[in-house]
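Let's start with one chain on its own, the form predicted alone, as structure tokens.
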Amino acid sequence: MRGLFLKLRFFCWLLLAVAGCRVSVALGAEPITVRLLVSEGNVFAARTATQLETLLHNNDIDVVAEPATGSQKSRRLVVAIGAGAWRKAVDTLGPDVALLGVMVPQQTLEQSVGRRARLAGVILAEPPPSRLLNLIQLALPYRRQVGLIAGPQLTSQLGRIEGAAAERGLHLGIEKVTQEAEVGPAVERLVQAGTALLALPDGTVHTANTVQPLLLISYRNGVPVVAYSEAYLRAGAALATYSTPEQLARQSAEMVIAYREGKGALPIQSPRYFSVGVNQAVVRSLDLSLPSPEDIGNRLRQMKE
């Protein structure tokens, strides 16, 4: 009986010690108050915000409608989700409020460089070009001639993209355009020489007026399009890699928690968590044989970006 009593006593002590450790960890994190600022009319951003709010509540982080309602003892953080919300935050927030951007286009970020001192971190809207090049290398290993239409937004990145393609044994053919009207002819030229077409985010190249003609020309010439969004996939791209609202919310929550723990400004990040989609109807019509999206995704996550 004495042995049993000692075991129970030790067990109770252990529980108290663990509880004490948890309290110490919680006390070690400085409290913060978070406000979510969401781009108006952006359903994707709104879904991301809903998911993020749930994750923050689960981690005992207060989410408020306005910064002023938070405790004065808490550090204040605004999470701006989407390009519109980011621009509004950059223009209106005072220097005492830190800013975390989510789904911020690269070009939008570059236009606002130097306009805010209290930057907590940024998650870009776009997947890195190297991830899409990896996707082509992995899913379409025999298609080495890759076409890319580059508008003004991609100009500064072309050297890095060409280098990344060369590292993967891909020959990148580039057509530069400056306006929507030039996209169709550029696609016609690229599909004559290319075996795959890479779609990277560019507001001049990929618009409501250009996406369908681009997909149709590529499809008629047997050239699969590898794209950067789920919407592009549904429209007719053969393959795409993209991040869902749930995945972006997960990464955002991790960054908020890191900021709460005192890690300060966090680096500009590409979307870390992502999915791979295959348009089965297009793949069958182009007579492509591909692994499952799950298999492609698992292998893609293991590749260096």
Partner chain sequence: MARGIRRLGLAFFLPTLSAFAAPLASSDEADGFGDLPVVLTASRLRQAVAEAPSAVTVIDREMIEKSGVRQIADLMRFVPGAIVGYNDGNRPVVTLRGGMSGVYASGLQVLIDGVSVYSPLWGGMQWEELPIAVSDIERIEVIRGPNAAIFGPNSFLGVINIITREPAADGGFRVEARMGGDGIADGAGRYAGVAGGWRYRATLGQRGSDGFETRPDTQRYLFGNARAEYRIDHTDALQLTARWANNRKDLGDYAETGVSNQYPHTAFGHSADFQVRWTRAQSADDEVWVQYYHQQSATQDRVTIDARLQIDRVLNGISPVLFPTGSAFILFPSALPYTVDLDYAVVRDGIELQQTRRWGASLRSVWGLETRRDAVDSTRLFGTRDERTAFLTRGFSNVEWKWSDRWTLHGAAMIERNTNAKAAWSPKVALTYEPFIGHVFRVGSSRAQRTPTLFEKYVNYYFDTPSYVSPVNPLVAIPPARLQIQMSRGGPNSESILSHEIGYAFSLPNSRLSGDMRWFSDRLGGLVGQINNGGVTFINMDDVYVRGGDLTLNWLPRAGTRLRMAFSKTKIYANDQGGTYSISAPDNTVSLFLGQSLAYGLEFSANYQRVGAMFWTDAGSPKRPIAPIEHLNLRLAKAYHFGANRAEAALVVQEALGNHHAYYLSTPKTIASRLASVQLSLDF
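Positions refer to the first chain, counted from 1. Not measured: the values here are computed from a predicted model.
Omitted from view is the form predicted in complex with its partner chain, to which the following refers.
Engineer: Which residue, His171, Arg87, Arg118, Arg160, has a heavy atom that falls within 4.5 Å of its partner chain in the predicted bound form?
Structural biologist: So the residue touching its partner chain in the predicted bound form, by this definition, is Arg87.
Engineer: Consider the chain as shown here, without its partner, and state which of Leu154, Val211, Leu140, Leu93 has a heavy atom within 4.5 Å of its partner chain in the predicted bound form.
Structural biologist: Flagged contact: Val211.
Engineer: Please pick out the stretch from 171 to 179, 93 to 101, 128 to 136, 200 to 208 that is in contact with its partner chain in the predicted bound form, where contact means heavy atoms within 4.5 Å.
Structural biologist: Heavy-atom contact with the partner occurs in 200 to 208.
Engineer: Indicate whether its partner chain has at least one heavy atom within 4.5 Å of a heavy atom of Glu188 in the predicted bound form.
Structural biologist: The answer is yes: Glu188 has a heavy atom within 4.5 Å of its partner chain.
Engineer: Spell out, yes or no, whether the shortest heavy atom distance between Asp287 and its partner chain in the predicted bound form is within 4.5 Å.
Structural biologist: Contact check for Asp287: yes, within 4.5 Å of its partner chain in the predicted bound form.
Engineer: Test of understanding: in the predicted bound form, would Ile296 fall inside 4.5 Å of its partner chain by heavy atoms?
Structural biologist: Ile296: no contact with its partner chain in the predicted bound form.
Engineer: Even though its partner chain is not shown here, does Gly236 get within 4.5 Å of it in the predicted bound form, heavy atoms only?
Structural biologist: Looking in the predicted bound form, residue contacts with its partner chain include Gly236, since a heavy atom lies within 4.5 Å.
Engineer: Counting only heavy atoms, which residues in 32 to 48 are within 4.5 Å of its partner chain in the predicted bound form?
Structural biologist: In sequence order, Ser39, Asn42, Val43, Phe44 come within 4.5 Å of the partner.
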